[in-house]
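Take a look at this single chain in structure tokens; it is the form predicted alone.
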């Protein structure tokens, strides 16, 4: 059921991006950009946005542009993460990494172009008010830049082969992964015109979900199948990555993740049946095989 939902939502976002790019003047970077963002991955961040929208009864037409922007940001970060100067991965989403397919320089430029495209999509014609656009763009800037994804990736690289404590690892993983989930959840609060306190709560909830997703990713690196995951596994230990598994062992790390999942679900259950889809997605995150 969850797999069908993910595929259905991914197709909706892919269609939006294909139509959006068709309206733009074609460039030499169009193909590598499409290769990096369309028809690949679970697009679970988009599903999180759609699921959270149901908490506040937001129509999908108001959410789709935010979903597309998130996928552009996420895909840009993956294209750059895979580069030889970073994680040096040759496979992503079951196919050759963008730099393997098009070359390193093109991959850098395609990633940069997806980053800027995200802000273009949000600021353009959609169903959001001007104030909502401004607030969402500001939030995305904080979550994608040096205080978010980019800063988290730098920490991830700097932490390699170094002994780091629990708080340092959690801080790195929240920035690297949690901040974009913060954006996914909090942006729906902005669209629903929620007060500041609620939006902060939603952002923190998003960071917890993002941390859970990162922990599940780390578990997949240990026990996942390369064919199902769509990228090489068992590489974190070889690269000396700072993870909770390397710090406390697989069993204790999984217990930490399970406790975090229960904490998230308690917060969601007060929303009743409107939270069902989001709860199902949270349940899937920790137990996923891909």
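Numbering follows the first chain given and starts at 1. The structure displayed is predicted, hence computed values, not measured ones.
Note that the form predicted in complex with geranylgeranyl diphosphate (GRG) isn't included here; everything after this is about it.
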* Asked: Of 97, 132, 77, 113, which residue is found within 4.5 angstroms of geranylgeranyl diphosphate (GRG) in the predicted complex when only non-hydrogen atoms are counted?
  -> 77
* Asked: Looking at 44, 244, 55, 264, which has any heavy atom no more than 4.5 Å from geranylgeranyl diphosphate (GRG) in the predicted complex?
  -> 44
* **Partner-proximal stretch of 193 to 201, 174 to 182, 160 to 168, 99 to 107 relative to geranylgeranyl diphosphate (GRG) in the predicted complex, 4.5 angstroms, heavy atom** => 174 to 182
* Looking at the partner-bound form in the predicted complex, is residue 219 within 4.5 Å of geranylgeranyl diphosphate (GRG) by any heavy atom? -> no
* To do: With heavy atoms only and a cut-off of 4.5 Å, decide whether residue 142 touches geranylgeranyl diphosphate (GRG) in the predicted complex.
  => no
* **Partner proximity in the predicted complex: residue 209 to geranylgeranyl diphosphate (GRG), non-hydrogen atom cutoff 4.5 Å** => no
* **in the predicted complex, residue 149 touching geranylgeranyl diphosphate (GRG) (heavy atom, 4.5 Å)** => yes
* Using a 4.5 Å heavy atom cut-off, are 12, 59 and 127 all in contact with geranylgeranyl diphosphate (GRG) in the predicted complex? -> no
